[in-house]
Every structure is written in C-alpha cells, then in structure tokens.
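As structure tokens, one chain now follows by itself in the form predicted alone.
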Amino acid sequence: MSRRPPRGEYIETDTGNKVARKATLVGTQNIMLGGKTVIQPDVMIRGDLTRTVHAAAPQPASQSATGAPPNNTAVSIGRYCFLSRGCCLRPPGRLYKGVFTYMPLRMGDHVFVGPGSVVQAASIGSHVHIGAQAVVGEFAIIKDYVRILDGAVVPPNMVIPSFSIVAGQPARLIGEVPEGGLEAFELRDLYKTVGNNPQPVPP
C-alpha cells in the first residue's frame, strides 16, 4: 500500500483558490482569480475568448513607451466567489470597428453562481447571488448586493441596480434586498465547506 495521501478532488492554490480537477478552464493565462474562490467540477471558464489585437483600444503613449503588454485578461474573478457545478463563464463579444472581439468579464467579491448558469456579463459587482439555471446576457451590468433568482434570463445590456431582486424570462425587478439581508451574501462559511478538507457549515 502506498503511503501517499489520495489526490484530492480540488487543487488548492497559494492564494486559497480551490479549483476542482474536473473543472475546465480554457486559456488559464487570461483568467485572474482574486483568492479564496471555489470552482466546482464541470465548471467551464472561457479564458481563451480574449480581445483581438486589432480591436483593442490604442494604448496610451505612457504604456507603449514602457513596453508593457496590453492587458489581455478575459475573465477576472474577485475573492470568495463560488462557481457551482456546471456553470459557464464566458466573456461577452461584439463587433468593434468591423472586427468581432471579446470584452473582459469582471466579477467582484462574494459572487455566487448557481449550478448550470451561464454568465456573459460585462461586469458583476460584489455580494451578488445568481441562482441555478440562470442566464446573464452579454454586456449586462450587475451592481452590488443583487439577487438573481433561479431560472431568470437577464437580457443583454440590462443594468441591474444595487439591492435589487430580479426574476423571470426576461428578468425584471421584483423586489429589493432588505437591509437586514446583506449577511446572506457572505460566502466565507460556504468556502470552508468545500475542498480536500471540508468543514461543516456552522449552525
């Protein structure tokens, strides 16, 4: 019998990210994880969909002088985000000056993406809960403390203001997050329940 511990289901990085071995991250060099983020099995992140060089905005002279490469981050994820099984993050794309290009998908901290959801937003704020089987259309902008209910379809380019609850197909505002309901968006405890040494959720 080998004394080596069994290989865990998750790869844990120095910054505390827990990435399932069965997740699919394409173009990892273009995916930024802020730390303490959980990526469950069967998650797909399309980091290969980056901005085309021709379509990128001209670099300011100060940047080109330093020779710094243009920022090619396709997907940027903050801290304590939780990507559930089978969800897909892909940057939004559009025609820009006659060339089809992708723009970055930026996600804040404490963002929960439910199982089977597809997210193509331009930006998602912090403390956002996206339910199961939801679709967030291209270039949608979701502000902080937003709850998107299961199965909602957020149309492309929709802007969802902070403290909103949205549902439906297409999604529309159905309520507001109560002032006392902000704690529910914290994902620190959920983060601890996943990984190679999971802890039970505190009562």
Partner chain sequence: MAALTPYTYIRCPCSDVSAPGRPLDGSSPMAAAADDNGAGDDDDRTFDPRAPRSNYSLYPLEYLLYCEDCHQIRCPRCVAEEIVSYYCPNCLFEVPSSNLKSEGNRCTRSCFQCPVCLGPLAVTSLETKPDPSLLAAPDNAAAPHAGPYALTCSYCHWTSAEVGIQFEKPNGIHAQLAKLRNGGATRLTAKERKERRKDPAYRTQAAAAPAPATAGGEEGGPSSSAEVLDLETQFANLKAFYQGQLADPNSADSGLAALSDLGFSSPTSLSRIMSIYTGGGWQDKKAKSRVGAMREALEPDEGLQPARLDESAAIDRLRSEGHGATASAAQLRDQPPNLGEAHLHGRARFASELRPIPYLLRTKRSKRCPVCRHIISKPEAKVQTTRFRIRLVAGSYIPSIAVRPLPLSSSSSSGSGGSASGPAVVPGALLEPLRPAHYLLTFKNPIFEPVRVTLGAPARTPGRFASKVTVLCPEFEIDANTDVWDEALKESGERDRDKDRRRRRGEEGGGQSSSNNPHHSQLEVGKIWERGRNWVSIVVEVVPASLRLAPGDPPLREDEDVLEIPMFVRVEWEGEAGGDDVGAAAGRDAAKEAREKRELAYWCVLGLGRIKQT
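Positions refer to the first chain, counted from 1. These numbers were taken from a predicted model, which means no experiment stands behind them.
Only in words, not in the display: the form predicted in complex with the partner chain, which the text now covers.
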So, a 4.5 angstroms cut-off on heavy atom distances: do all three of G8, G114 and V118 pass it with respect to the partner chain in the predicted complex?
no
Does D150 reach the partner chain in the predicted complex if we count a contact as any heavy atom within 4.5 Å?
no
Indicate whether the partner chain has at least one heavy atom within 4.5 Å of a heavy atom of T28 in the predicted complex.
no
Tell me, yes or no, whether E179 is in contact with the partner chain in the predicted complex, where a contact means a heavy atom of each within 4.5 Å.
yes
Flag D144 as yes or no: does it have a non-hydrogen atom within 4.5 angstroms of any non-hydrogen atom of the partner chain in the predicted complex?
yes
Heavy atom within 4.5 Å of the partner chain in the predicted complex, from candidates M158, M44, A167, L49, belongs to M158
Taking the partner chain as it sits in the predicted complex, which residues of 94-108 have a non-hydrogen atom within 4.5 Å of it? Please list them.
R94, L95, Y96, F100
